[in-house]
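This document opens with one chain alone, in structure tokens, the form predicted alone.
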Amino acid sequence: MIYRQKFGEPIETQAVVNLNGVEDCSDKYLEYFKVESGSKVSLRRTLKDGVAVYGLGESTRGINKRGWSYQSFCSDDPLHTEDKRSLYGAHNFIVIAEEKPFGVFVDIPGKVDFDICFKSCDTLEILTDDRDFYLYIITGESMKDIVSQFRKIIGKSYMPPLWAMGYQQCRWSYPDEESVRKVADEHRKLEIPLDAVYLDIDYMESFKDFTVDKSKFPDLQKLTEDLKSDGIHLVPIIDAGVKIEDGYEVYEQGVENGYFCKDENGENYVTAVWPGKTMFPDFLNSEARRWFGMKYKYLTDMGIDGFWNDMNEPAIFYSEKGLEKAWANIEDKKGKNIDLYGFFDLRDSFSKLANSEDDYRAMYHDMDGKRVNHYKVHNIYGYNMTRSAAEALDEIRPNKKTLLYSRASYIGMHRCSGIWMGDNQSWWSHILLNLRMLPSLNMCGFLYTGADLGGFGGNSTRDLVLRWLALGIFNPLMRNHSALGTRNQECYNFERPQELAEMVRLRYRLIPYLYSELNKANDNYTMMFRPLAFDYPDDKFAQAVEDQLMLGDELMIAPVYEQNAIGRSVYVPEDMLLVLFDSSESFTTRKLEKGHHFIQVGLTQVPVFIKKNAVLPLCKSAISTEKLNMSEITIIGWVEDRAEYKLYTDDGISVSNKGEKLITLSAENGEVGCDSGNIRVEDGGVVFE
């Protein structure tokens, strides 16, 4: 059951799109929280020892969020250390795993704090920054049931084209056509599968959206066509800020039509990002949203069919007013004896210029006739930028899926696009952070997601990339991405690149399963990735596991995430078959009974755990998804009675998916089979009993 309480006069975020079965109730929430209301609203609940709290989407620390204080306020911060309270997304949904579990969604576009037993070891407090919001309380039979109910009211998730399940290579930056062609050529030369190469900000003319620097990319359309003929798609970046420059069409149209955010006096609000002085389109205005979205046609006309939206928290390097204040502070301190606190003040004048809350409070939106301060709606800015693109692309490319994902997000944007997990680092701890974000994001509707494999910031190492790839092959979005000034971490730039290539090839073998589970999770309002506690709620050991996940209804994954480790300890919550891939084609199997085990996992190996009486479908690898032969499937498993798998099939590109169907693969009595004459199934390593 879902109960909704209205506080004040909420701004409609459009996170919730289906109110069927939602009951408006003026006092039901008081059964769950002690409430204090003023300019802010505090909701407090005492939690017993051991009660776990799940959710909050893209956030730091563990799968169980208990013991830390989190803040929903989309933040441009690439250093995802444990002390950070907010990252790029704002995902205000949690599930409290009490004896009778329940979920809570705080639908507010501004700042909200979740103190989950941090200040007080037994108190959960949710503190909103103002009193205008909707509160949803969701009760159910289990945590999975609660998540499913929530997913139904927020609507189905974005589904990518099949090619977006392939391996993707990105760097800030491949600055010209020659470097892009080299990336494609090196992958093909070593037969490393590849489906996409990215264009970061350097493809633009002076960092201006919807422009191409002809000195670097003299014929982007031909480059796009050439790569696509080899199964490789170009994916350019689009940033939120529009450069202030006379003669630049996007800027001039935005000024002429009043499509940019304003200051308190109604003047266009000036900030600075990559190109220097910029203005932000007012994506909360429907006309401005459509205007900006239709600009994507400039690139789709060149054959582009994938985009990533960035810097849309929005990220601000500085504002004119903030910079003036910083310079004034320098002038004021010239010639003076600057003590400790004076030095801190001087340093902070510039270190705190970027993403200043003062700048966010100084910006205003025209929400179709209603003037709203940006600070109050900060968390839905990036959402509406990506909504702008998604709605336009549906019109520009009717009935065709486009790859689209964003950095900033709010629940509701999951219907428009996927997200990546932000600008992480080449740290071993971020492999584990990648794993822990997957179920939390799934809870909030974000199914197509993944982290920058190898880490975006810092210098990666060969062993780190290999271990990360061993997890990354299961991420729906599988992208290797690194930052300017860091080590080149493409697979071909390391010693013995064929060992890295084998990891990527294994990903392509797994695509029939991953694409099926992604689509089934969407169709059935379930989670593709789940904590073990969701599937085994009465198992005290499963409840404590923080570094393993259930994947679909058949698999468990448990990556190695520590440097120089020869393997890892694993808790097996029921009898499973361990499949240890030595390469994409070679593997060994071992039956594991329920309980604790230590498994040896070499640097080039990938462990997969398959439930008894379940099977894993695989196809042969290929250099791109368009070369995959999905009509020939092999299955692996441990079958005592009978095993079935529902394989999802469609054309991989049509939105309507008129030809989609679930095909049943089966294994029984020593034989394998299929209920479709279009699929040939072979025994790839089924252990029958």
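Everything numeric in this text was worked out from a predicted model, so none of it was measured. A residue's number is simply how far along the shown sequence it sits, counting from 1.
What follows is about the form predicted together with a further copy of the same chain, which we do not show.
Residues R66, D83 and W274 are all found to lie within 4.5 Å of a further copy of the same chain in the predicted bound form, as judged by heavy atom distances. Exactly one listed residue, out of T461, N268, S148, Q253, brings a non-hydrogen atom to within 4.5 Å of a further copy of the same chain in the predicted bound form: T461. Of the candidates C619, L353, L127, M302, L353 is the one whose heavy atoms come within 4.5 Å of a further copy of the same chain in the predicted bound form; the others do not. A residue is said to contact a partner when one of its heavy atoms sits within 4.5 Å of a partner heavy atom; D49 meets this definition for a further copy of the same chain in the predicted bound form. Under a 4.5 angstroms non-hydrogen atom cutoff, a further copy of the same chain in the predicted bound form has Q563 among its neighbouring residues.
Among residues of the shown chain, L346 is one whose heavy atoms approach a further copy of the same chain to within 4.5 Å in the predicted bound form. Although the partner is absent here, E495 lies within 4.5 Å of a further copy of the same chain in the predicted bound form, judged by heavy atoms. Residues placing heavy atoms within 4.5 Å of a further copy of the same chain in the predicted bound form fall in a single listed stretch, namely 338-346, out of 224-232, 361-369, 338-346, 287-295. Residues of 296-334 lying near a further copy of the same chain in the predicted bound form, listed in sequence order, are F317, Y318, L323, W327, I330, E331, K333, K334, the criterion being any heavy atom within 4.5 Å.
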